[in-house]
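Just the one chain here, laid out as structure tokens, in the form predicted on its own.
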């Protein structure tokens, strides 16, 4: 490990629980660590993402007793330093920062967390992600983070993206770093051209390319694995769990996905997404249409995790290619 990183981890251990990439049997995962020597400094994306550490799989929001809301006894939010978040996942974090900007539960986790990005860059021509993104001169200005470590053949370059990040670097004895001012998610040149191209392919395509979606619906198992690993999937279900005493209980939320049959069920039992074809279109529309419409940023960051875990080999790159073509007949789809 480089001396600067050794100093940084030694300093962080005083105040934070450290989460970092660790090599395991099934790949590299973000995990809680005690020994910094176990950190994997690979350019490979982790199998999981930051989201489970900022947006838990299940969380009790509050207890209630009659008309009184009571904070849960275990509602403390850990001070955690999440190291090794790639640029791709920092783009996904932008989505969370927009969607949950006024959510106190997410903000409590975020305010107690130190976000440390990391990129191992072998050359200026290096690309990452399924959309072959490159590190541009202004990339970091449009990402939210506290510290960013860029490893190059010449050494490690540190950047601070917040006052909290600057304090962490100075506290670790790292004085040679550059301050980056966040200027918003949208670049001065305008909206992301790739985002807009994909937007046009997906928007209103359910009827225009009906056979593409029906074929995907036939193949898809609706298992939800893609949603679980996707860094920009944040849907949840809310539950009220009633206690044994009258008018007592708790309110919880847990991860959910539009691929599950009950996701779109409303009062009276009607389901708006009553076929798998509709559910998979809904998922694509959320990534490529609704998030860009609402926040002007991509809802798919091109990490490729959904492709890696899909048990029936559905590849969103192929879907986008199919949507760019004139509508196909079912005979053509079956031949392919």
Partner chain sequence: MKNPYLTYPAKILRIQKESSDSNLYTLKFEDPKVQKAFRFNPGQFVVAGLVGFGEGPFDICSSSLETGSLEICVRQAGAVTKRIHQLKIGDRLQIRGPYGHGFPMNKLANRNLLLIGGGCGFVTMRTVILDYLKKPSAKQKLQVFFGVTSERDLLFANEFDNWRKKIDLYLIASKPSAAWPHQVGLITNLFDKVKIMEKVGVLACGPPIMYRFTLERLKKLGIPDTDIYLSFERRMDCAVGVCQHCAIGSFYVCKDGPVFSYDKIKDIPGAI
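Numbering follows the first chain given and starts at 1. What you see is a predicted model, and the numbers here were worked out from it, not measured in a lab. Between two forms, the rigid core is the largest collection of C-alphas that superpose within 1.5 Å.
Omitted here: the form predicted in complex with the partner chain. The next part is about that form.
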Among 264 to 272, 27 to 35, 300 to 308, 46 to 54, mark the stretch whose residues have heavy atoms within 4.5 Å of the partner chain in the model of the complex. 264 to 272
Even though the partner isn't displayed, in the model of the complex is residue 256 close enough to the partner chain, meaning a heavy atom within 4.5 Å? yes
Does the partner chain get within 4.5 angstroms of any non-hydrogen atom of residue 200 in the model of the complex? no
Wondering, does residue 39 line up within 4.5 Å of the partner chain in the model of the complex on heavy atoms? no
Would residue 152 sit within 4.5 Å of the partner chain in the model of the complex, counting heavy atoms only? no
For the three residues 76, 79 and 296, which mark the spot I'm curious about, does each lie within 4.5 Å of the partner chain in the model of the complex through at least one heavy atom? no
Residue (of 196, 135, 221, 237) lying close to the partner chain in the model of the complex, criterion heavy atoms within 4.5 Å: 237
Within 4.5 Å of the partner chain in the model of the complex: residues from 88 to 108 (heavy atom criterion): 99, 100, 101, 102, 103, 104, 105, 107
When the two forms are laid on each other by their rigid core, does residue 66 show a Cα shift of 2 Å or more between the shown form and the other one? yes
